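In structure tokens, one chain follows: the form predicted on its own.
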Amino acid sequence: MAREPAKTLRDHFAYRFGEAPPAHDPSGDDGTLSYLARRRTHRKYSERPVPPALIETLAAAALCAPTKSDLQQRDIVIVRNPSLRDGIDALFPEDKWIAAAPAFLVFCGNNRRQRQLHEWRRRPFANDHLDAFFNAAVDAAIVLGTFIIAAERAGLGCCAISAVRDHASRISDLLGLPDHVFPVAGLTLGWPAGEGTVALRLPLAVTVHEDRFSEAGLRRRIDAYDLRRADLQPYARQRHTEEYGTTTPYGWSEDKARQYSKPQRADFGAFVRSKGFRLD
């Protein structure tokens, strides 16, 4: 069981990253930094329903997020129909906690509206290439992250579900997504039952760079992070033991290397092209 972080902002960061940035507490901070430093992922929820009006309010708050060039290429699908929800839950038979979540949403990239504007205004669509897909995907991801923050600040817990892209075509059919609209991630939502998990992150020296990208000391820092993860947040199981056996310590780098040693979503590019995108 991971030990609880101490109370100060610096201690929250030190627990999360194994180190803290230079101490600086902005005078105007309303507690947001402390919340972000200690935020948790929740996969267990009470049976208490989430009011539809609250979900719609959170969606409105999330859609206030930045968007590339004011194009607003992101949509949220709130899944309420029980049979539709059953169809989605059935795609994740090993993750019973998804079906147990009181609410489920799907965040989508939408490049369709932009193309419709060109049709209505009789203007050529001159950017039919990878950037059209990428901009919509990034817009959806920004809204997803903003929704999570809004939901947690309202007392809810949630967990993003990238595995919807394992079933992108089926999800698309279930939700009636037309050409140039695609699922980016799902999100479970509910009132937390339990404390959740403060996920440890790579050291700041690995992921924050000054002026130029640097990998100085990368292997050493990841080795140290592996040991810290194995000590504070050990994995419940090791992946693909039938092929790779077991190892001690079993850290983050070994888990991620095993995870991506197997094909995953190799058909996603074909799905995106089937939605009408050109990826050159």
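Since this is a predicted model, take the numbers as computed values, not measurements. One rule holds for the numbers: they count along the sequence shown, beginning at 1.
Beyond the structure shown, there is the form predicted together with a further copy of the same chain, which is absent from this document and is the topic of what follows.
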Please determine whether residue 69 contacts a further copy of the same chain in the predicted bound form, using a 4.5 Å cut-off between heavy atoms.
yes
Is residue 229 close enough to touch a further copy of the same chain in the predicted bound form, meaning at least one heavy atom pair within 4.5 Å?
yes
With a cut-off of 4.5 Å between heavy atoms, is residue 45 one of the residues that contacts a further copy of the same chain in the predicted bound form?
no
Is the gap between residue 15 and a further copy of the same chain in the predicted bound form 4.5 Å or less for some heavy atom pair?
no
Residues of 116 to 139 having any heavy atom within 4.5 Å of a further copy of the same chain in the predicted bound form, listed in sequence order
116, 117, 118, 120, 121, 123, 124, 125, 126, 127, 129, 130, 131, 133, 134, 135, 137, 138
